[in-house]
Structure formats: C-alpha cells, structure tokens
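Shown below, as structure tokens, is a lone chain in the form predicted alone; questions about how it binds or moves come after it.
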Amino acid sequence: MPVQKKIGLTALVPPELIFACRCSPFDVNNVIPGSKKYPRNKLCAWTAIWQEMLSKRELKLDSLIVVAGGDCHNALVDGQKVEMSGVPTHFFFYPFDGDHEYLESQLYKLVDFLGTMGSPEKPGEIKELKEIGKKIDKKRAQGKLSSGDVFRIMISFSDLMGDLDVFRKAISSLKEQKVEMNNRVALIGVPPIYHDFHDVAQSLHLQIVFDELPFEFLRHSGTDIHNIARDYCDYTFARPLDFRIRFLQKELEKRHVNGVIHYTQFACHHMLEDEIMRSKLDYPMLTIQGDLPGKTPEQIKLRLEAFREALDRT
C-alpha cells in the first residue's frame, strides 16, 4: 500500500472521509498548546502559529483543508497565506442553515480533492470508536476518570491521531480512578490554549464534566457521504448561536453542572458571544481570555480559585 498522504485540518472536518480516502488527518491545532512558538504577526495565536509553521514548512503536510465557512473566521485569511506559500489547500464550507444537501455537495468536493474512497469501511470503524468516546465522556461525568485524561482523548477525536490503531491503544490506556466531584463545571467555547488547564482546574477542585468543542468531535458520525452530511450539518459551531445555545442548555442540564467557564481566545470572533451566553445560560459563569500557548498563567489560576470559592458559597 502506498504511503498515506498527511492532510492538515484547521477545524472539524469529517475524519471519516479522510480515512476512507486512505489519507491520514492531522489537526494542526493539537500541536499548538504544547509549542513554544510565538508568532511575529498575529491576531489569534491559534491560526497565526499554524500559518507560520506551515508556510515555513516547520509542519510537513501534503495538503491542508481549511474550514472557511463555519467555526473560525481568521482561518480563511491565514489559510490563503498558506496556499500562497505553495501548500495545496482546499476550502471547506459548512451551511449556516444546516442544509444537509449543501453539506453533501461539500463532502463530494472534498473527496475529489483527496482522491478516491479506497477504504469505505473506515467510517464504520470510526463510528464504533466514537461510541466508545461517548462512554468515556459519561464516565468522566460520573467521577470515574480524570478531566485531563478524558480531555486529551476527546480533543484527539478531531483526527483520531492520524492512525486508528494508535488511537485505539490511547483509549485503552485510560485508567479509571475515583474523582471527587465537588464543583461540576462545563467548559464552553474553544479549547484553552494552555496545555495543563484541565489538570489545574481539577487541582483547584473544579471538575470539568463537559468540553463543548471536543464533544462536537465525537458526537457526529456516519458510514457514507449521505449520512455523514445529515449528521455533521448540526455541528453547532457552524450554526446560528441560538441553535448552539439550545444544545448547550440540554447538555449542561444533563450533566448537572454547578457553573460554566467560558474560554475565549484573544482576537477571536467568539469573544462577541460572551454577553449572549451569560444572558441565556442560567449558571454562575467565569469568562477567561487566553492568548499565547504554554502553562496556565498565575492570574488565571487565581481567577479559577476565586470562581471555586464562589461556587462553594452557592
């Protein structure tokens, strides 16, 4: 079998189709929290870092898929910078209105970009892995798995570590443990750029039982293009804000959360959603804004501790 092409992703793109086309997906965001690279010119550090790394060939990929419609607005421009540097780039658009026929047409264009679907059995294998992922998510909410361990698995559902066998081993390495569920917290917004955020929160007795964006990675699936389009058209970050909020209200109630942390990234359009989230989600809420990757800053630790103390008093 020929060497698999390594395909970069800037946001959620159905990995089912990438594996089915005998390619290996690579979420360019997943290397950023652990990196020490500070971009020279930036708005959002997430997109600025992967743009620089790809343009300078510090990340070696065969091509890049940019989610240009839905989710991240900065990626549209930074993706074009990467394309101008010579990396073959495809722009993928989600329908704002959830039109599954439009998304199906986008998926066919994606397959044309990648090649042919030489491994049509892969989406079925991924669907089984995502069912396991949902069980892992439930175990965390039951206090049987640490928040950080589960987050690191859930965030990897965006690309399944580029290798289904490697990902299966990572899942099987999870060890159950008893976690004290003192303050049940939901983390909404984009994932924190700080690689130790979940571990820090847990050390401060804030138990994160819901990660909004990583949960989107594992809850969508399908075994063919038609079914994948019907499922992924409800990707909440690409839909109107009221659609996303209704979904959040159900998930937070289901998990019996005591409070919400809304993580926002500097210069991200999602920052503008904070006021609406506060008015629509009836929970104590802490809004945190991050910037550059690394460890959780001390001032944010202090704010997390103060939030914990406030929850303790409720």
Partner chain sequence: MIGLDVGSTAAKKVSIEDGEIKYQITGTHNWKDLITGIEGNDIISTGYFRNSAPHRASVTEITAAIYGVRHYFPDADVIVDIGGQDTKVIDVKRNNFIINDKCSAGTGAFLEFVANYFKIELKELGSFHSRAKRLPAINNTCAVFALSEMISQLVTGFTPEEVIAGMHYAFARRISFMIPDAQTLVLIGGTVKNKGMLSALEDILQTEILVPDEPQIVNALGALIYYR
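Positions refer to the first chain, counted from 1. The structure presented is a predicted model; accordingly, all values stated were derived computationally and were not measured.
Same protein, other form: the form predicted in complex with its partner chain, not shown, and the subject of what follows.
Contact annotation: residue 303 falls within 4.5 Å of its partner chain in the predicted bound form, judged by heavy atom distances. Residue contact check for residue 280: none of its heavy atoms lie within 4.5 Å of its partner chain in the predicted bound form. The shortest heavy atom separation between residue 69 and its partner chain in the predicted bound form exceeds 4.5 Å. Residue contact with its partner chain in the predicted bound form: residue 31 places no heavy atom within 4.5 Å of it.
Contact here is defined as any heavy atom lying within 4.5 Å of its partner chain in the predicted bound form, and by that definition not a single one of 151, 215 and 226 is a contact residue. With the partner left out here, its partner chain still marks one of 61-69, 245-253, 280-288, 38-46 in the predicted bound form; by a 4.5 Å heavy atom cut-off that stretch is 280-288. Although its partner chain is not shown here, in the predicted bound form the stretch 242-277 places heavy atoms of just one residue, 266, within 4.5 Å of it.
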